[in-house]
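The same protein chain appears twice below, in two forms, each given on its own as structure tokens and labelled structure 1 and structure 2.
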Structure 1
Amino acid sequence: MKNTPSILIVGAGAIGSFYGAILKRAGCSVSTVLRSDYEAVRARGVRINSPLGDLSYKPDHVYRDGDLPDEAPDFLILCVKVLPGVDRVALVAPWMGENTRLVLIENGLDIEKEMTAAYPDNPLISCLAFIAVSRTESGVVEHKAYGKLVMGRYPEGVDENCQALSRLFTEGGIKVDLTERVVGERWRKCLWNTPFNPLSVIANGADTRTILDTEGGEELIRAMMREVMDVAAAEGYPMADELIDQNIEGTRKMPAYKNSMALDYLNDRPIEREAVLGNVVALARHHGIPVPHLNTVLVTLKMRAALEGRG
């Protein structure tokens, strides 16, 4: 790695743009591969309003699909949504060098395997973002709150690549929790996301309060959390029973909250159904674990997608 580490963000939506800005603040060379926002960012850079200050920046290079970089980046950060129609392996292919570390800042479970299968010799750093951020127009991002990353080497451990990247993010101004078991952290996050996100979609955008206060709602959420826990345990990531109570109580203390999957659905954007729910049900099937509540929600979402031609 050179003195000025080079970063390439593939899929620079709200999340990618934000973390790119943080690394830019840390002194990295930051380039982006864009699709719809290419013209706007090339002309005016990325504007980011944030409680951390004005994070606006001009990427060192602005690429689009089909371009080729002068040299491969030290870190390639992939921030696209995990969707059945998006070939993430092909997306990063032109930009991967021999020494490029592949970094995922993406949601969901079991989303690393296809990447390590395709790039077995590149270290894979898996990250979870805890952040409230949205793209308000082409090249403009509103950072509302939070920003912490949970980060680890996939499938486990913390290596010098994680250490180096973590230092850069910390210098840029955000908190990083390094973890030896990043997949376990994904399961912890999905303990909440896997029940709440799809339910809010099925209920046409119900917020957390509506979901918990509906007759039988909390009981249903608890049953779905229990099923997530059963699958996690079979995968080698057991969780303490109290986490269910803690998640419910924590959610009740928050103001009513409409999650991002519900917002995606209401705004006709694709939802990460498979990454957040379908992969859990597939793992359950693999282990022979019954997950009737999760499966009912998954299949009804598929029916609705079929009806709406969303595939």
Structure 2
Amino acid sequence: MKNTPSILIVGAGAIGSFYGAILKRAGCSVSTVLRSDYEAVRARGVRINSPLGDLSYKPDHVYRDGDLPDEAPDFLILCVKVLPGVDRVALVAPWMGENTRLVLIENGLDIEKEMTAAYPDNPLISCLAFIAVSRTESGVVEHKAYGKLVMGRYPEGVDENCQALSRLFTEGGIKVDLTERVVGERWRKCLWNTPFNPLSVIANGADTRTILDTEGGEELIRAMMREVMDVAAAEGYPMADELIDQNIEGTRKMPAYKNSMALDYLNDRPIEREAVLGNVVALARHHGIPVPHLNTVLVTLKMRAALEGRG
């Protein structure tokens, strides 16, 4: 691997564009694979407003989905949403080389297995992004707060590839925590995503402040978090009780934020219902753990999807 490795972002929406900008600041060659934003990014680059300053950049190469690269990247970072019908293996197939490190910056539980099955000889780095960021128009991203990554080798451990990528993100200006148990960290991320994201959809795209400040809202969030913790413990990943308070306090400190699921819903895009919520409820059933609040939200989302013809 070169001293300044080449990076390819597949799924350069809000998340992918932001972390591409960070790696660009670290001196990497950063290219993108785009669908709807191809013309805008090719013409003007990616514009990012951020508390870190102006992170705008022009990718070294801008590819359309279906193009072929000049050479395989050192790190391929996959940032697409985990949705039914999205073949992530096929999306990365044209770009994977013998020595390419595959990096997932995606939400949800149990999302790595199909990728490791397809590419057993390529190291897989699994990452959790703790960030408030959204795409406001084609090629334009607004970063509101945070940006920390938690990463580890899947299924466990930290290797030299994790360490190398962590150094690059750190040089670019964000905090990275390396973890030996990345699956456990996915459960910690679900502690926030599993309550807030689905509730935002049921409440017609409500932001975090509306959810917490509505009478009974914080109480509901806390109850859903408790149920997530119960399922995580049954899976072998117990979490400290104080994490609930920490998540609530951290959310109240950041600006009112419409999460990615809310924005997808408002823009008539599919939502990551199963990856974020459905998989947790399925594991609860497997262990015989009651999760009445999570199950009610899941069933309500399914009813709403059926009524609106979203599936």
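Throughout, residue numbering runs from 1 along the sequence of structure 1. Everything numeric in this text was worked out from a predicted model, so none of it was measured. Whichever C-alpha set is largest while still superposing within 1.5 Å between the two forms counts as the rigid core.
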Q) Since only one of the two is the form predicted together with a further copy of the same chain, can you say which one? A) 1
(Q) Are residue 205 and residue 170 part of the same rigid unit, between the two structures? (A) no
(Q) Rigid-body comparison between the two structures: how many degrees does the smaller part rotate once the larger part is superposed on C-alpha atoms? (A) 19
**Q.** Rigid core fit between the two structures: Cα deviation of residue 264 in angstrom
**A.** 2.9
